[in-house]
Structures are given as structure tokens and as C-alpha cells.
Ligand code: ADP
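Only one chain is shown below, in C-alpha cells, and it's the form predicted alone.
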Amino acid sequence: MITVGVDIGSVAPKGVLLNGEKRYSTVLPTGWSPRDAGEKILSTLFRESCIGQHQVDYIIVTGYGRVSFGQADRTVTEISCHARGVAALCPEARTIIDIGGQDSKVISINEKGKVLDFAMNDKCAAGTGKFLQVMANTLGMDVAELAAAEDPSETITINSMCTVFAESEIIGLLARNISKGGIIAGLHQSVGKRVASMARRMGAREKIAFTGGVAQNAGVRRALEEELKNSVVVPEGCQFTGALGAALLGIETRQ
């Protein structure tokens, strides 16, 4: 059986093609059109796997752009897809923290990967990848450079979680020659506090899996562990959790 999961996120669409024991994954910039992004993901997966679309048994799409993508057999919420993906990658996890470009989520699951409860922040950029992207631009850096550049020993508390006000605050700190390393550590702390608060309200339980594009930032992971007083595991392929879960749900749908 051959299935494809496509996760059309706000920043980057991800795709996973499963062909028996073989797995193919790809990620691309979303661009202005979620539909075009999803189609590019499919064409890339088919090219890399040497598989034609006519050979695919099932395609499931998830993510914020799922409603505009017409080539899927089924659409599924990202909550269910992330739960299924984490159950495969980190079966001992009972809590999922997912931080993407435009939202952050905390999902409680059981031993079978079934969603028990969830909370989501999708109304404000605070605690999301977008917040870190804007702050990185203000610092004159690429967002991928933040983790290596932080200095937790000189953490500067960022008082505002509003993206606009936080940006102004950072500009003021830079004008006072405050170290970038300390500012970045403070930004990570701000994100950690925001998301950890949501996780505590959900009753976060061991083991905690951290997924999404921001999970690649070791500084945010550190901040989450400090706030939650608990270890946080980043599964291999953390950025592809939703797409993998969608592909796995495709297998289960066809069985």
C-alpha cells in the first residue's frame, strides 16, 4: 500500500510518502498559494520516490491550507495527525507540544495515540514561530541562527509578549548595547513561558514530545524544560509529524 500525507502549514508544507517500509519526506516554502504548495509537495515526492500518482492508494491532507487543496482523498485536522505521528515516533509520549509558524498546540494523548484533549493558541503570534521570525529580523539574524547565538547566563527578560511591542522593546535593548545572546535567551524564555502555561493548564504528563518547526530550536526546548521542570523529547523528523500521521491514517483508512 502506498499512502501520502501532506501537511500544508503557514510557513512550510511538508509531505511524507509511505511505500511499505520505505519513507520519503520533503519540505518546501509555502509561498502565497497553499494549493500550489501542496501540488509541489506531491510532485516532489513522486519524483523522488519514482512513483506515479496513479499508483498511490490514498492521500490525506492536513494543516491550515487543507481546505484549498483538491487532490486529497480526505482532509483531517492537524490535531489528529500530530497525535498519530507522535504515537509512531515516540510511543511513550502522553503530551505533545507543537509549535508551528502561526500557532502553538498542546495535545494530550493515550497509549494508542488517541486524542484525549487539546488546547491551541491561534489568535496571537506570541509563542509561535512567527514571533521568533519577527524578532530574528529585528536582531538582523536568520531564525535558524537563534539557538546557537543565545546566552542563557545573561538572560534578559522580555516584558511584552505582543509581537509589535516586543519588537520595540528589543530595538530599545539593542540601542543600550545589551548583548544579543541575552536578548535571544529572553525571547526563548518568553516563548517557553507562554507555551508551558498552556501545557500546565492541560495537565502535561510525561513523556513530553516537542514537534513542529520550532522544535528544531534547542533554546526553546531548553526554556520549555526549565518552565515545566520536566524533560522534553524532540522526535527525529519533528517537522514532519503531521504529514507522517496523515500518511499513517491513510493506511488505516484503507485497511
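In this text, residue numbers run from 1 along the sequence as written. All values derive from a computational prediction rather than experimental measurement.
The protein also exists as the form predicted together with this ligand; that form is not presented, and the subsequent description refers to it.
The stretch in contact with this ligand in the predicted complex, judged by heavy atoms within 4.5 Å, is 94-102, chosen from 160-168, 110-118, 178-186, 94-102. The shortest heavy atom separation between residue 212 and this ligand in the predicted complex is within 4.5 Å. Taking the partner from the other structure, this ligand in the predicted complex has no heavy atom within 4.5 Å of any heavy atom of residue 124. Within this chain, residue 216 lines the site of this ligand in the predicted complex, having a heavy atom no more than 4.5 Å away. Among residues of the shown chain, residue 149 is not one whose heavy atoms approach this ligand to within 4.5 Å in the predicted complex. Taken together, the three residues 1, 55 and 71 all stay farther than 4.5 Å from this ligand in the predicted complex, as judged by their closest heavy atom. Here is the short version: of 173, 156, 89, 143, the single residue with a heavy atom within 4.5 Å of this ligand in the predicted complex is 143. Applying a 4.5 Å heavy atom cutoff to this ligand in the predicted complex picks out 9, 10, 11, 12, 14 from 2-16, in order along the sequence.
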